[in-house]
Structures are given as C-alpha cells and as structure tokens.
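Considered here are two forms of the same protein chain, supplied as structure tokens in two stand-alone entries, structure 1 and structure 2.
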Structure 1
C-alpha cells in the first residue's frame, strides 16, 4: 500500500499542475479572443442594434463596411500598405548590407557603432518629430508617400540590423573564405550564399518591422497628407455628427487587422526562429 501511494501522489500532482496550466492557457486565450470577437460582432451588426448586447448577433449586415468605404477607409488601408511595404523594403536592403559588413569585416569601434545604431530607437519619437517635420516641410516631403517611407525605414533599420547580424554570425566564416579562394567576389558571396542562408532572419525582421510600422501613429499623424493618410490616423479622427459610429469603427478595424494577421500567420515560423536564434551557441 505504501509503495502504491508513493507512485500515486506524484501522478496526481502532475495531473493537477497540467490541469491548472491548461486552465490558465484557456483563460489567457479568452482574454485575447473576446475583444476580437466583440469587434467582429459590432462590425456586422445593424446600427440600431449596436448597444443591444456586445456578444449578441441576431442579424448580419454589411452596412458598416459600406459606410467605411464611403468614409475612405479602404484608401487609408492602401496607404498603410504602401508606406509599410516601402519602409520595410528599404530597411531590409540597408540592414542586410550593414549586417554583413558588421559580421564579416574588421570595423574599428564595431561594438560602439552597433550600440549607437540601437540607441537611436531608445529616444522617444516625440523628440524627433519636430526637426523631422520642419526638414520635410522645407524639402517638400511633408504629406508624401516618400516622406513616410523614409521615416519608417529609419525606424526599422536598427532592430533589423541586430536580428539579421545574429543570423549571419552563426554562419561559419569558412564558407566565405572558400568562396573567395574559388575566385568569387564579396557581393557574389553575400547575394548567392549568405542571403539564401539567412532568409529566416530576414523574414523575421520583416515581420517585426511590419507590425511596428502598421500600428505607428505619431509620425503618420504629423507627416501624412489628405491623400496619404494611413488607417491609424483615420481611426483617430472618425467621428460622426452624433458621436462615434462604433459599427463603422469596428468595420474599419476588421479590414485593418486582416493584412497583418495574414502576414503573421505566413511568417510565424520565421518569427519564432528570429526570437530564439543565437540563444544557443554551438
């Protein structure tokens, strides 16, 4: 009997801990999913039933999406896609070149430069917006796609360099040396050998940069124009004659989050590797 209890007690404790972990996981999942369900519920509700119950959906309608279209929401989402894709693309091109240089070449003060690059993201954006606004206004970039794309690229470069460099650091330098012995140039090694091997790092950097830029508000508010206004700015100014039309707001948000959700699901395996790559050295 004593031997039986010796094995039964740890088994019971294991099952209790497993049940508690499962219950905690379900609770956390519900905390994240309930607001999303509420948003989708409001988006498909008739305006007369908005306040009848957050989770009750008796009749489905698309009138909120039609109002969002008339309000210019889809043009704003297109603007968000343009500036986000443009900013991420420029940032990745420059980050790959810089990461390879920092990883492979003997640069004087490399560690100081790497810290300086990262430190540019440490200062509050509000400290930069005034000089950038004045500069862009004087050179004619205020209210243009190019202005926002350049600012977004500047915001994305530091983290992208650090992430991509960690991937390149884990590629043995012997590969580069062997390619040099075979007569290949540095650019050939970078584009034909290194980049294909660090695609997960580039994809992870692109995903994290896109998430950050997709939700950016301050620079978008002050540097965009009427025709280049992204969705984050549109949502801040959406107010009807009799207050907020929450159905229209929810409809815009539903369409607004879909591209980034698709991107995250598409690149989720790369994002996981981007978070954990380099933590275990061989």
Structure 2
C-alpha cells in the first residue's frame, strides 16, 4: 500500500469518473453491435432452434449455409462480384485519366464540366430507370452482365473523378514541372509519377464505389436476368416453402456482408482521407 499524499483523493475521484464514462460508452456501442450479433447468431443456429431466442447460441451448425448454397446463393455472390469488379474497373480507368486532365490541363469551362459530372449523381436514379430499361431491352443488354456493368460504371464515375482529382490536386505542380525539365513525356509523368502517388486515392474511390455497387438494388432488380441476379436481388426474393426461412436469409447475409467488412478494415485509412477529399493527411 502506497503512502497517502496530496494525490490520493484526486486520483480516486479521477478513476471513478473515468469508469463511469467507460460504462456509458459500452452501453452506446451495444446499440450498434447487438443487431449484427443477432444476424450471426441466426445464421449459425440449428433450424429447430430459430424461434428459441435470438441470443442463445447453444450449438453451432452450418446447415443454414448448406441450405443457402442449394438455394442459389453461390451464383448470386459470384454475380455480385462480377458486376461490382467490372463496374469499378471501368469507372477507375476513365476517372484517373479524366481527373488528371481536370487537375492539370487548362480546359475551357472546366468548372462547369466538373459540376455537370457531379450533377448526374444528384438525379434520383428512379427517373432514369425506365428509359434505360427500354434502351437495354431493345439492344439486347437487358439481363447481361455487360448491361449492368455499364450502368454501374456510369454511377461510379462522378464521385471517383472528384475524389481522385482532389488527390491529384494535392500533388504540387512542381513535381510535374520537375519531370518536364528532366525531359519526360506527359504519358511518362502520368503513369510513372502521378499514378503511383495517388494509389491511396484510387484505392479509396474504388472502395466507395465497390460498396455502393455491392449494395445496389434498384438497377439490379430491373436489368439483371435469372442467371445474372446479384445477391441484393436474391435476398429480396427469398420466400420459404413454409413461411420465411430466417436461418437461410441470415446465412446469405453473413456471406454478403463479409467482403464489405474486410474491404473497410483493409482500406479504412485511405477511405478516411477519401471522405475528406484528400485534405486530411495520413
């Protein structure tokens, strides 16, 4: 036991205050975590115990996952991956080229053009759905991967351009000029110097676009076919033979949510910078 000194009483008070704050934080955190726990719990629960209480997990089983596989979840997840990766890839290639031009070249009406590109995202998507549906139906893109990928690329480009441009803007123009004095070409400057420096920005906008497309429902519902149906559409159409099969739904949800969780944890520091459009330094 330490000797009593002038710090003894304040220290006790300090610790009490600190513990109370901590307890409050835990309580708040629970509000967010409990539903997620519930989903995992349902997914791993035997079918017979589904209605026995959400939080009691006495026995872990994979039968819900087997059921989900039989139901076609595997191909739905694959479809989700194909359309997401396809959409993000096309969007990024175009966005990188466009944002370098917007950042570095003197283009007439640059600001208006930049705003126009962003404004395409302000329109409610539902207003576009009918013309696109008719267009795709007539040229045979309805129900194909390519159709959905093209729409997804269009949806992701505006934000990607804005985000990547803000990262390129952060690179001092002196670096481009130094390369010019050295005698390098514009292509060399873009691919060997600028792009390697904005990898974090590209990663961030890829992550945001991927999350948006992965969760997209409206276009997927109308433009995908039986074989190209992504997970979001599948989940909405699940109905059991006898009532709702909660275990199956939860199992698909778990598989559906995991890539996003991994992506967010993996890229979180880049995404944070992306959210602030490059203004917060690493």
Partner chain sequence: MSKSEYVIQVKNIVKTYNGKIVLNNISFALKRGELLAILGPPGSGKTTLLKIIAGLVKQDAGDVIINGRIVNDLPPYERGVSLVFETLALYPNMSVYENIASPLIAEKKDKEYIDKRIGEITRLLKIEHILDRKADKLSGGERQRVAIARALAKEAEIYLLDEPLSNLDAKIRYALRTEFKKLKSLLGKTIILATSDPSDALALGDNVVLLFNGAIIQEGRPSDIYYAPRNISIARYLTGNILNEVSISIDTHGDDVSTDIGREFSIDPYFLKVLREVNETSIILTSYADVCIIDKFIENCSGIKVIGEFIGYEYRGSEYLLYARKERRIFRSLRTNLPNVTFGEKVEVCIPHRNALLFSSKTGDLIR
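Just so we're clear, the structure is a prediction, and the values are computed from it rather than from any experiment. So that the term is clear: the rigid core is the largest set of C-alpha atoms that superpose within 1.5 Å between two forms. Numbering follows the first chain given and starts at 1.
(request) Report the structure number, 1 or 2, for the form predicted alone. (result) Only structure 1 matches the form predicted alone.
(message) Once you overlay the rigid core, does the Cα of residue 123 travel 2 Å or further between structures 1 and 2?
(response) After core superposition, the C-alpha of residue 123 moves less than 2 Å between structures 1 and 2.
(message) Quick check on residue 109: with the core superposed, does its CA move 2 angstroms or more between structures 1 and 2?
(response) Where the cores coincide, residue 109 shows only a C-alpha shift between structures 1 and 2 that is less than 2 Å.
(message) Superposing on the rigid core, is the Cα displacement of residue 226 between structures 1 and 2 2 Å or more?
(response) Comparing forms between structures 1 and 2, the residue 226 CA shifts below 2 Å.
(message) Core superposed first, then measure: what is the displacement of the CA of residue 17 between structures 1 and 2, in Å?
(response) Here the C-alpha difference is 8.0 Å.
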